[in-house]
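A single chain comes next, written as structure tokens; it is the form predicted on its own.
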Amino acid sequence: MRLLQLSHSDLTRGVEALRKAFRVEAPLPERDHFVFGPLPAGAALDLSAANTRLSAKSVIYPASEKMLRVSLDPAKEDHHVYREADKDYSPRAVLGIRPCDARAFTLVKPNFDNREYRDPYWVRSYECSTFVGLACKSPCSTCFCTSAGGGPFDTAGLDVLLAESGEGFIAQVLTEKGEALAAAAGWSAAAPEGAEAALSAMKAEADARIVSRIETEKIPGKTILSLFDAPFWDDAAFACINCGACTYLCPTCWCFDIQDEAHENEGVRMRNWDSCMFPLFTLHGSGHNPRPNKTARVRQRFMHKLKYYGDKYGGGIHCTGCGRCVTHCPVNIDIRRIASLMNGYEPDNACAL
């Protein structure tokens, strides 16, 4: 790790310099919130957002993505032959990503890049990206990242981490990708003596601001069947309207559907985000649906986040504690409350909301 000192003007000049070697993506204002997207030419980097409404997962894993193209014109010799859709895997700089969203990519990676399966679209997009994070000095009241394995100054998944300090930033350069980005941006001024201690103090202060937590310590020791048959799921799912907001906002949800679409003599194969909250998600061609009601779907979501993922990938939960699902659920279903029920449940004990 190397520490650099950046002024606000250094940051601005650096962003402009990065455009020569990188596609630059950053938080962009959209009505009353922020979303990640390509930073328009000449636009200043806006780091005022506490967090974006949608996570940064769309940078690597778009909500809708063309996978293959096909010509349906019978006059063409190679019609009905699929070809990979054009994609841009040139270097990309993702600026201003919060630590919870950067850490999410490390939790999603075992699904898209493992010994058995390697999703070429996700892997190529991830590998061409360099992540410049922004530490959270004032976390939101719904953040619980410190009990989910991360923290406001967590560096997992990041190449550079910026922390506001005085009239500028202390930059932690964490990886070789980060070094290459810093060089391209022209950031080279070493941080002054005492910067590391200042970072530690800021981190401790930010950690202390997070008072919300998720309780999952006992869940790994419980059997799947005991939790699956727990009596609290009907009550937990009662208010759910299966809108899917929690899954679309979540930085670690990865479910998708693949559809072929045609218009005139052209066709495309699309990959679109999907949601385990939707009735059609598990509907078989035979008409059978193994999750026919909302209780089964709500149970699947929380069991996957808090139990199945850890059992399959060797510990931890499939949640970064960003709090988006808590903030935006229209009927106030709270993952922290469900986790508490799962964590404290014993088959011989009565357990209710």
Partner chain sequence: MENPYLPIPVRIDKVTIETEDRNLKTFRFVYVNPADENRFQYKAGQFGELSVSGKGEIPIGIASSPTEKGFVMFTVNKVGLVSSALHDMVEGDVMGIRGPLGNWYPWETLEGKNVVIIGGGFAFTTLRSSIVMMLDPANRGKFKDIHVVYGARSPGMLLYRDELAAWEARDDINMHITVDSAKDQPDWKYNVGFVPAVTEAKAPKGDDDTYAIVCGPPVMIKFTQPVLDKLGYKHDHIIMSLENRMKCGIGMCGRCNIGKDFVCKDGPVFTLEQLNKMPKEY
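From a predicted model like this one, the values you see are computed outputs, not experimental measurements. Positions refer to the first chain, counted from 1.
In what follows, reference is made to the form predicted together with its partner chain, a form of this protein that is not presented.
Here the chain stands alone, but in the predicted bound form its contact with its partner chain, taken as any heavy atom within 4.5 Å, falls in 305-313 among 22-30, 52-60, 36-44, 305-313. Taking non-hydrogen atoms only, P120 approaches its partner chain to within 4.5 angstroms in the predicted bound form. Though the partner is left out of this view, Y82 does reach within 4.5 Å of its partner chain in the predicted bound form, counting heavy atoms only.
The shortest heavy atom separation between A204 and its partner chain in the predicted bound form exceeds 4.5 Å. Although the partner is absent here, E217 lies well away from its partner chain in the predicted bound form, with no heavy atom inside 4.5 Å. Think of it this way: in the predicted bound form, its partner chain has a heavy atom of just one of K222, R124, R213, R209 within 4.5 Å, and the residue is R124. Screening I241, L280, A197, A190 for any heavy atom within 4.5 Å of its partner chain in the predicted bound form leaves a single hit, L280. In the predicted bound form, L225, F228, W254 are the residues of 225-254 with at least one heavy atom within 4.5 Å of its partner chain, listed from first to last.
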